[in-house]
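Shown here is one chain on its own, the form predicted on its own, set out as structure tokens.
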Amino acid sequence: MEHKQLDKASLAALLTSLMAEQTVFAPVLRDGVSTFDVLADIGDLAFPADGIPRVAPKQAVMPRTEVLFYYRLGKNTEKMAPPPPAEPQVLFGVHPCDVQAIKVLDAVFGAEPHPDELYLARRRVTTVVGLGVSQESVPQHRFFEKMGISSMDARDCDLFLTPLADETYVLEVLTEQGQQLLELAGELPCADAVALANVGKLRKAAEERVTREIDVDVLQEKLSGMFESEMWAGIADKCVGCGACAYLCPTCHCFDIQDERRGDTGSRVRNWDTCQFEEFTKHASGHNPRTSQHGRARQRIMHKFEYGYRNFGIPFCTGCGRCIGVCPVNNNLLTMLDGIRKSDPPSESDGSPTSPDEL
């Protein structure tokens, strides 16, 4: 396994070479907010202290708005053309919890029997460069370590960047795709024994901080019998349905599809949406099977820790804590999960929900 050693200048040179060949997404500041966005200038790069930007890298693989196809109206409506093919791109400096969030999207959009080819085409040309964070103090609203994710977890990355105390970095090559990307930068110095030893120490220390307090198997079992729990009303009473939690969540993937038409031509467009909005489940007939915030608040938690986990074997939450940090009414997901863990066990029945809220 290859390791390269970079100082600030060579890191900037690496990014410059990558930007010349591909679109690079990285943590930047936009109006004072840390966001994962297209890196247009090296000077815009701004790694947050805890490695987690307010806005996740989700938009790079699942754009906020994307055209599914173009069409022309006439005697026989016809598809004119598909959208342009996906261009190679780099996600640079992705925190391990956001890397695992991308794996959730991969599972959902890659599911048979109808995998999403637009998403998969974009993922095939996306190289993920993870970023380790060595700090020992994690903000209270971040709980990725309780979910079993280390801040130095290199899983599912193509390349992994570890910052060292002397303002140097070790870049670890993990896949052939990562190796091909690195070749765009030309020759880079190999990491020395001291740097590699420091990486090992940082990785061990980070792993020791992982508590795995949140057992998703337990949550899934508890939730299977909590569809009618009174707990949802307490959560919904505070919730204002703003959707901020969903739009900042790195794994939420609800979308709406609209036709945008001008004259005889138009496009079918997919846009981000959220199950926290009243109109999300509203039928063309006017009927809405999920009429209350009670049901919508329940759906969010059940989807992440019961339905999603049951169907895909992966929790639809990675502990980034963005939902906690942004909620205007302080609805704390950790408090909710604690309440679920302490709830009475499910009844003798299988507890499977029969309500349309599961859909």
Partner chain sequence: MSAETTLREIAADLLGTGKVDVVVGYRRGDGALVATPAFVSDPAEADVLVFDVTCENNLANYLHRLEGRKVAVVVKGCDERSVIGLIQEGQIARDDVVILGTPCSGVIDPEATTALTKGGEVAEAVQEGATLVLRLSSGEEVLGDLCELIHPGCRECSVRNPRHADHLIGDLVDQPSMPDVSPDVTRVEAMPTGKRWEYFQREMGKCILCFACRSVCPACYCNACFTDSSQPKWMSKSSDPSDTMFFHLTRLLHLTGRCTGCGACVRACPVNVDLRLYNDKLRNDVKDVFEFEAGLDPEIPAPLSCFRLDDKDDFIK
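Positions refer to the first chain, counted from 1. All values derive from a computational prediction rather than experimental measurement.
Missing here is the form predicted in complex with its partner chain; even so, the following discussion is about that form.
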(request) Please name which of the stretches 312-320, 39-47, 298-306, 60-68 has residues with heavy atoms lying within 4.5 Å of its partner chain in the model of the complex. (result) 60-68
(message) Just to be sure I understand the contacts: of 211, 258, 180, 265, which is the one whose heavy atoms reach within 4.5 angstroms of its partner chain in the model of the complex?
(response) 258
(request) Could you check which residue among 107, 242, 190, 205 gets a heavy atom within 4.5 Å of its partner chain in the model of the complex? (result) 242
(message) its partner chain is absent from this chain, but in the model of the complex, do 160, 170 and 175 each have a non-hydrogen atom within 4.5 Å of it?
(response) no
(message) At 4.5 Å between heavy atoms, is residue 290 in contact with its partner chain in the model of the complex?
(response) no
(request) Check whether residue 248 has any heavy atom within 4.5 Å of a heavy atom of its partner chain in the model of the complex, and answer yes or no. (result) yes
(request) Would you please decide whether residue 28 lies within 4.5 angstroms of its partner chain in the model of the complex, comparing each non-hydrogen atom pair? (result) no
(message) Since only the chain is shown here, I'm wondering whether residue 236 would be in contact with its partner chain in the model of the complex (any heavy atom pair within 4.5 Å).
(response) yes
(request) Using the arrangement in the model of the complex, list in sequence order the residues of 316-341 with any heavy atom within 4.5 angstroms of its partner chain. (result) 326, 328, 329, 330, 332, 335
